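A single chain comes next, written as structure tokens; it is the form predicted on its own.
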């Protein structure tokens, strides 16, 4: 059974390249990906997660205002009855010098995992598999061990 992830760029951010790469990577890894595109509202994330019975909600933001865009995000998910793993990644804060502080901020906002803009998609896929307790397939294990 394939796991469904909802992916989008939150708020007023219009950076599309990153989520396109993520969509391709997660699809190739065997996930069903619902790509909401750019300038996605919190409500749209929640509605899509419900409509597609998503196991994970992946939020991207590259324009540095993610903290503002994500205030109350997990409340909106909860109000819609969404019980999914949540990841966020990108250039999350303007002048992001100390990423560990940024990571703490977004963990406090409720995100299960927080990634910087330099994260390899394979690292996010591995983290999601771990969080969803999905074992890699035999061919994936061979690739990882080569």
Partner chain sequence: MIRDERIPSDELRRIDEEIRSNWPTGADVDFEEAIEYHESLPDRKRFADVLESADKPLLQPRAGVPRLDDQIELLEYLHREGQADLLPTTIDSYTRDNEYGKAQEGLDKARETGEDTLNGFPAVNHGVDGCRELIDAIDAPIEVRHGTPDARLLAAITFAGGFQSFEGGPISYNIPYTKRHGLEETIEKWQFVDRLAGAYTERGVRINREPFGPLTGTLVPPSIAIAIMIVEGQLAATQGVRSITLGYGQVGNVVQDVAALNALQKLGDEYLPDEVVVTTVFHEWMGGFPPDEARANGVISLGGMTAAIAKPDKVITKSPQEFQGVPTKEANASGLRTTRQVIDMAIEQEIDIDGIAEEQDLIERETRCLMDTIFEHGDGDVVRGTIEAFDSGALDVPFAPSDSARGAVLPARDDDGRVRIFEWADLAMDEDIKEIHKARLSRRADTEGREQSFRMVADDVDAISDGKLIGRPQGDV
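Just so you know, these numbers come straight off a predicted model, no measurement behind them. Numbering follows the first chain given and starts at 1.
We do not show the form predicted together with the partner chain, though everything after this point is about it.
Visitor: Can you pick the one in 53, 79, 44, 67 that has a heavy atom within 4.5 Å of the partner chain in the predicted bound form?
Guide: Residue within 4.5 Å of the partner: 44.
Visitor: Using heavy atoms and a 4.5 Å cut-off, decide whether 14, 21 and 38 all contact the partner chain in the predicted bound form.
Guide: Affirmative, all three are within 4.5 Å.
Visitor: Given that the partner chain is not shown alongside this chain, does residue 25 nevertheless sit within 4.5 Å of it in the predicted bound form, heavy atom to heavy atom?
Guide: Answer yes; at least one heavy atom of residue 25 falls within 4.5 Å of the partner chain in the predicted bound form.
Visitor: With a 4.5 Å heavy atom cut-off, would you call residue 131 a contact of the partner chain in the predicted bound form?
Guide: Residue 131: no contact with the partner chain in the predicted bound form.
Visitor: Is residue 120 a contact residue for the partner chain in the predicted bound form, using a 4.5 Å heavy atom cut-off?
Guide: Residue 120: yes, in contact with the partner chain in the predicted bound form.
Visitor: Taking 4.5 angstroms as the heavy atom distance cut-off, pick the stretch from 54 to 62, 79 to 87, 25 to 33, 107 to 115 that is near the partner chain in the predicted bound form.
Guide: Within 4.5 Å of the partner lies stretch 25 to 33.
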